[in-house]
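For reference, the chain that follows is the form predicted on its own, supplied as structure tokens.
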């Protein structure tokens, strides 16, 4: 049964259900039934970049390396053995984010990496994990060949890219970070790129309208996100302008890379209160908490922190485990939050940080076990035998999500979709 004692988490994430079990139109009275949870309604996500080679049968060990040796696909971290990493991933998470950085997905114009990404998306969906694509438009890791085009041509190329990819992946990927980090996009000055050029000319909101319209046209049923790392009032102003312009946003993406230290409950709740006032679902799209030395506080752009080694430490791992639990519990208690995506299963990914749940040698850290004890422990119903009453009823308290009930060699699935008290008929 759902065993979390936090009343806010119980109130937002659990249902007190009365199940009426019938067979052949007759209540299954005074019988033992087995009920087991199959999935969470809440989206517990993680990047799936490391598994592109696995899904495509490309695991060729490098000299001296394990089965996943060498650099991972699209420049992300690899971890050996990848097969074991996949087992750990699938035992904890239920939604994957796959990389669509334009400069890596289509480094040569007209030759996108569609088939490999389709294979990977299919690999996840066959295992019951929906997939989100990230991102369709971003000034960083943009296609260099855009710089050869006029601004008008860049806009058209961007629209064509969105229509093509959202169409090609419809049914496999129906959730997208449509545009990433627009607050800084027109003033980004690290290097020249096509998206900053057109954002300066068009303005933020017209560009957002253009890319969202293209994605919506290509897949009207998709969940489309606006995503940013800027938690300042600038992002709030942008959201307000977008909504006032009548642009439909399905969810707000908030990044929470905590390389410089855990935000803490007070800051996290303040951010949630500010961004929940728009009445939109909130996805924490990119979360990291490190298990080694913290990045110096004076670093403004996290990408500027370059070190030769950034090891995980025993003290840091205990701290990370504690902070992971606190962060997830804080987010689960807030009704606006629908998803949390952790940014990297294994250490050594983005910026080489020890931000993963798994060490470089493939062993899980305390943070993995701590989060799993919540997701598959306190917030999970393992196979449990219950006995129906004389009217075929059993009662349970369970996390929102999908369940299976079995009795007398037959089974049926049911869902708990809304918190509070509910009644469900289960027909065997």
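Please read all numbers here as calculations on a predicted model, not as lab measurements. Numbering follows the first chain given and starts at 1.
There is also a form predicted in complex with another copy of the chain; it is not shown, and the following applies to it.
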{"property": "Answer option from 299, 234, 294, 307, heavy atom within 4.5 Å of another copy of the chain in the model of the complex", "result": "234"}
{"property": "The single option of 186, 112, 81, 130 touching another copy of the chain in the model of the complex, heavy atom within 4.5 Å", "result": "186"}
{"property": "One stretch from 153-161, 102-110, 328-336, 269-277 that, in the model of the complex, holds residues within 4.5 Å of another copy of the chain by heavy atom", "result": "269-277"}
{"property": "Contact test in the model of the complex: residue 209 vs another copy of the chain, heavy atoms, 4.5 Å", "result": "yes"}
{"property": "Contact test in the model of the complex: residue 204 vs another copy of the chain, heavy atoms, 4.5 Å", "result": "yes"}
{"property": "Touches another copy of the chain in the model of the complex: residue 238 (any heavy atom, 4.5 Å)", "result": "yes"}
{"property": "Heavy atom of residue 315 within 4.5 Å of another copy of the chain in the model of the complex", "result": "no"}
{"property": "Residues of 134-158 having any heavy atom within 4.5 Å of another copy of the chain in the model of the complex, listed in sequence order", "result": "none"}
